[in-house]
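A single chain comes next, written as structure tokens; it is the form predicted alone.
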Amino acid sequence: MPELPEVETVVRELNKKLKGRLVKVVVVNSPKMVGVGPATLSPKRQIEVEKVKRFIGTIKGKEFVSVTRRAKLLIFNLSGSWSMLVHLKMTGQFIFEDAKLQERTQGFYRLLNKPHAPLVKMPSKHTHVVFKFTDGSVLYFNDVRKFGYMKLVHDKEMGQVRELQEFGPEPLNKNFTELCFFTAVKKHNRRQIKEILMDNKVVAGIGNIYSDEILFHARVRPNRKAVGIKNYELSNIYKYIKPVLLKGIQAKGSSVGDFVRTDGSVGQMGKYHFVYGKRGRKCKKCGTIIESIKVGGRTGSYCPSCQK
């Protein structure tokens, strides 16, 4: 699943590519993946034809003003006081083509980030929404598993979007202080520390990959309960949250599953992972074999020698 660095990578790239572009045509191939209004889209979504028509009719003719992010939720700010909220979930991807790029590549991209995956022509069978702009550029939304969604919300209704109200503090913001982190953790001190870091209501967007890496650098095992973690260890965890996430952004994300950048290329953060996905391999620091354990339904990897 794309986590904060992957989503931030997409936000930064789309901000440069979409700003000022005017929507000419919207094609919706999977009606259940779009909606209008602040209500949460259920995983078991009913196809509502009128809602799809309204989605297309509302966004057609709109200009993309900017793209921002809250946790893992992308927010496309549109002209006319509308915003499009998009969650990539597990396998969502945005691929952008301008006229020159389309001519150079003939629209081929590696849809799945696997060593021998074939190049796929856009749009593919996994392309569910297409935005065509007046200048000939195109934005494709792909999602193999169809868990992702996009919904249009009027600016006056943004305060009613439940997802936005439930997110915890942004870990890259200046107001995410050590005291803020300590306070959030203490409220959940019976839970395992990795589970706390992955909870968007506690800290927004860290996720599975980066919680592993943060805890490795902090030398704390992922399955330890917060109540037993000493203050200096919590300080170490806090100390590494921002550097690890910023490194992920600098490397354009971790392409360990289906995540690709908006030009179809892969992120490079996987080269810098110390423990995530490394079970059975030697620790880069001490040579001990990396082990894994289930934490909150997810797999946490750690070095039994470096982490206590």
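Values in this document were obtained by computation on a predicted structure and should not be read as measured data. Sequential numbering from 1, following the sequence displayed.
Separately, the form predicted in complex with the DNA exists; it is not shown, and the next lines address it.
This chain is drawn without the DNA; in the predicted complex, the residue among 294, 19, 24, 284 with a heavy atom within 4.5 Å of it is 294. For the options 137, 223, 83, 200, the one in contact with the DNA in the predicted complex, meaning a heavy atom within 4.5 Å, is 200. Figure note: of the listed segments 171-179, 74-82, 186-194, 213-221, the one touching the DNA in the predicted complex, with heavy atoms no more than 4.5 Å away, is 186-194. Taken together, the three residues 89, 146 and 299 all lie with some non-hydrogen atom within 4.5 angstroms of the DNA in the predicted complex.
In the predicted complex, at least one heavy atom of residue 162 sits within 4.5 Å of the DNA. Taking the partner from elsewhere, residue 125 is found to have a heavy atom lying within 4.5 Å of the DNA in the predicted complex. Not displayed here, the DNA is kept clear of residue 64 by more than 4.5 Å at the level of heavy atoms in the predicted complex.
Shown alone here, residue 208 lies within 4.5 Å of the DNA in the predicted complex, counting heavy atoms only. With contact defined as any non-hydrogen atom lying within 4.5 angstroms of the DNA in the predicted complex, the contacting residues in 1-36 are 1, 3, 32, given in sequence order.
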